[in-house]
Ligand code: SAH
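Coming up is one lone chain in structure tokens, specifically the form predicted alone.
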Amino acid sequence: MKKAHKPRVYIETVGCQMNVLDSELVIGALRQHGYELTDSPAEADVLLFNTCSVREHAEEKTYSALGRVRHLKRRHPEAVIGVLGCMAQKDQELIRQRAPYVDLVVGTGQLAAVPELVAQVQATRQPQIAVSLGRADAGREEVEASFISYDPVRDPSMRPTPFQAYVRIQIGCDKFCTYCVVPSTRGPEQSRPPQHIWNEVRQLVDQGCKEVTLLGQTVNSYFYRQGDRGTRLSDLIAGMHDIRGLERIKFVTNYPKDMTDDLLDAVRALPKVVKYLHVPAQSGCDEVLRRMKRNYTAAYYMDMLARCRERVPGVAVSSDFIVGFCGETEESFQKSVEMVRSARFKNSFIFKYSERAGTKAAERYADDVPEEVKKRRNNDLLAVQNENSRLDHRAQVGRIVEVLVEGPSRMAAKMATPVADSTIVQLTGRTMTDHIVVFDGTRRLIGQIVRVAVEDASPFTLYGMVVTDDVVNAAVVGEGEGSPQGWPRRPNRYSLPMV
């Protein structure tokens, strides 16, 4: 293995946004110990795999990745291979059985110790395992204490973009949905002190971040009590809203029963808060929801949805659904179809049920829906949602929207030849309702908020053109044809702001 002047670390991340953040924090910690990041496993002294246990496919993806680096370990036994995160917390012994060449197994609550554990492996050549206490191993206070919330120096190179960052506001979950491993892999629900979060957001803004996404397993359950004073998510957002340089605030994922009016009022009233809510429903059938232990009915969810739209006019709402859960009949599934059809979600993430060892569903219920039925239901529900998404996107045509420019589109990013900052390329970004927009512009626009006239739409993407004040003023006085707002269908390409 080729050795660099500084030791090198390679990391692969599977799973949710929380895992992406965990990887950033781990790399930040390793950088403090002199490591450089590499995108080549063959050049790495340390190879880390940050894992997910929500679905079986994610776990098998990790085992496949471990299989691919086995030959590197044979050629370079001094290399350290580590498995981090939810799989490590849940299946530490199984990992060592299936991949005995793994040197390091570190659970979600012990990630702060990765640099020291790597050093121990290198010094002793002995495997190191560090996981938090399980809920059955001790009392709640001891279990909470074993899940360490930590925030080392952040690593901008690991972020989605240099001006967007994730911020953890809580760890763990106490909802105990019967299909979910998160309460066991990430421990009890704990909210971070608000001052710590505000300080972290200020630090990120100082580093050039314009948008932060607040993360929690059920983010709107956030509540921190200090003495006789409590801080809700709405208070937390209000406390960071006026940070100079911060332009957008997002938060995911929400739990339906914790969607309070004070939070909705904050989303409506605070200009920097994105008007988008991700609120998983999981099923439209009360009996399935009961077996899932979601603790609400389909009618409650629809009432909550109506309240969101009433208190935050124009809000975009997305959802999650699981098809083929234990005992889901065709009648039960059709209730989910009707919910998706009537709810008109901006988009929905639809998953086939995957039985997870250690969950209550695995203990109590048979996984009795055949795989081919799960696939068919997944496709059927997706077809309904795609039509909703198409209608939602078509309704955006003719509007002028504010877009935070994230970078080149996928098509433009595939171009191997570098282009000058002043060259027109295809860019992409998101609106204040989290709609993806593709448009032409220069790379100088990346990281800026620009106005885009939406000209066309697919079920997944809006297409438009950057507009200037002249075009906007024309729209206001009703000039131009081809849309209800009156902006010209083809704004002048040469009116692009050159920032």
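Predicted model, so just to flag it, every value in this text is computed and none were measured. Position 1 is the first residue in the sequence shown; the rest follow in order.
What follows is about the form predicted together with this ligand, which we do not show.
- Residue heavy atoms within 4.5 Å of this ligand in the predicted complex occur in exactly one stretch of 420 to 428, 176 to 184, 73 to 81, 126 to 134, and that stretch is 176 to 184.
- Not one of D235, K272 and R311 comes within 4.5 Å of this ligand in the predicted complex, counting any heavy atom.
- This ligand is not shown here, but in the predicted complex it comes within 4.5 Å of a heavy atom of R55.
- In the predicted complex, at least one heavy atom of K352 sits within 4.5 Å of a heavy atom of this ligand.
- Among residues of the shown chain, T253 is one whose heavy atoms approach this ligand to within 4.5 Å in the predicted complex.
- With a 4.5 Å cutoff on heavy atoms, Q217 counts as touching this ligand in the predicted complex.
- With the partner omitted here, the residue from G407, P280, P194, P115 that has a non-hydrogen atom within 4.5 angstroms of this ligand in the predicted complex is P280.
- Of the listed positions (D320, D155, D367, E287), a single one reaches within 4.5 angstroms of this ligand by any non-hydrogen atom in the predicted complex, namely D320.
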